[in-house]
Ligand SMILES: Cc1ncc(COP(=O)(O)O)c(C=O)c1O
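Presented below, as structure tokens, is a lone chain in the form predicted alone.
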Amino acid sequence: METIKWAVNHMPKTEDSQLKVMALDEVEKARAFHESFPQYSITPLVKLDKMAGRLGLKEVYVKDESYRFGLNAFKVLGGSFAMARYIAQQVGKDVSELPYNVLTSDELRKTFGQATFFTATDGNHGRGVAWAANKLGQKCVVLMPKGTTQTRLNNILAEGAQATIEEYNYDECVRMANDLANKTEHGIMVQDTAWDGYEEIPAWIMQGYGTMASEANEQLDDFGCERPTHVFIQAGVGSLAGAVQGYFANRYPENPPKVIVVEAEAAACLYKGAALGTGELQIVDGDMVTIMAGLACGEPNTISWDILKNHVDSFVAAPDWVAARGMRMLAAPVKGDSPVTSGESGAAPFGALSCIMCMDEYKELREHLGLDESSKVLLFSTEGDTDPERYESIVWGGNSR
């Protein structure tokens, strides 16, 4: 069985200029925007008391994003806020002046007109962008990498977007979508990865993800948890990880929680960068075959990478069986705890946590992280059963492929 790999962060620090992207006032603005949607409700934070005891931890909390806007995943938070900020910029207003009822109004349609939002996705991000475009009366084109399931394609088509599965990997689909946007009148790329020259929209997407971290922090307070001691967060390009790390670094500057980033081993570009130790970006290419479709991204977001290398404690590369283990444990937790329907990418951090706590081969990492009966761990289940057949094959059928 393949083992978990990890790298403690010894990369040289930078000026930390990107941390301001996740400033608390920027996150508050994003959250106010999301709260203006009639579909908005705060997603559950599930406290797993019995599981915490079984794992040898004080408290374990899982933020369940399967309830987000009825879309079964958190990604819509980023795409919708970035689209709103882009429209606000084009009409010369602050995004705080464009809540949902204004963005969907005939008056704004006359002022702004109609744009075509392009994106590449394994499923959740594209579905969120397509949903937001549909609600806001905009057009949307989505390119999906090879290996994408028909279910995920159908979910995007159902939102009225133009969508296709290509014979290329995720990173190549990003380049293709960007080329199409550049060639289309009123075409705009809405992607949750940044590269040199494309950083404004990815920063807005990260701010949108901040809503989830902000909610979780408030919910921890409601449980009487002043702050988490550890945060496990998954990464593909690293946008979500950078957003969560950035939020907590800004929220608790004097005493931040330890953040552990978990990637799919087949696409562990951030882990490889941390293992190299120089701080230089590392890229993974090829097919990146993994059940964690949402994490199958080989080229890091440049904004996030700067935040992560300044603040993250450790980077973990997880084989597929780790995510499958996490899915099963959350679906059938210790008696007395509430189950969480967590998809392949959503359950990877919990799977990694359970292995670190329960397996002797990861004792060194457990001790380095200081995970023990005093630890209060926060995790984010970023998706539910976005592909129900695959979910059942793993949780019921025992597959890990």
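Every value quoted in this text rests on a predicted model; they were computed, and no experiment measured them. Numbers for residues come from their place in the sequence shown, where the first is 1.
Although not depicted, the form predicted in complex with the ligand is the subject of the following passage.
Wondering, does residue 119 line up within 4.5 Å of the ligand in the predicted complex on heavy atoms? Contact with the ligand, no.
4.5 Å heavy atom contact, residue 83 and the ligand in the predicted complex: Heavy-atom contact with the ligand at 4.5 Å: absent for residue 83.
Taking any heavy atom pair closer than or equal to 4.5 Å as contact, tell me whether residue 239 reaches the ligand in the predicted complex. Answer yes; at least one heavy atom of residue 239 falls within 4.5 Å of the ligand in the predicted complex.
Looking at the partner-bound form in the predicted complex, is residue 295 within 4.5 Å of the ligand by any heavy atom? Yes - in the predicted complex, heavy atoms of residue 295 and the ligand come within 4.5 Å of each other.
Partner absent here, but in the predicted complex, which of 229-237, 171-179, 274-282, 312-320 has residues with a heavy atom within 4.5 Å of the ligand? Contact criterion met by 229-237 only.
Considering non-hydrogen atoms and a 4.5 Å limit, which listed residue (245, 148, 207, 124) is close to the ligand in the predicted complex? The residue in contact is 124.
Which residues, if any, of 371-395 lie within 4.5 Å of the ligand in the predicted complex when only heavy atoms count? Those in contact are 382, 383.
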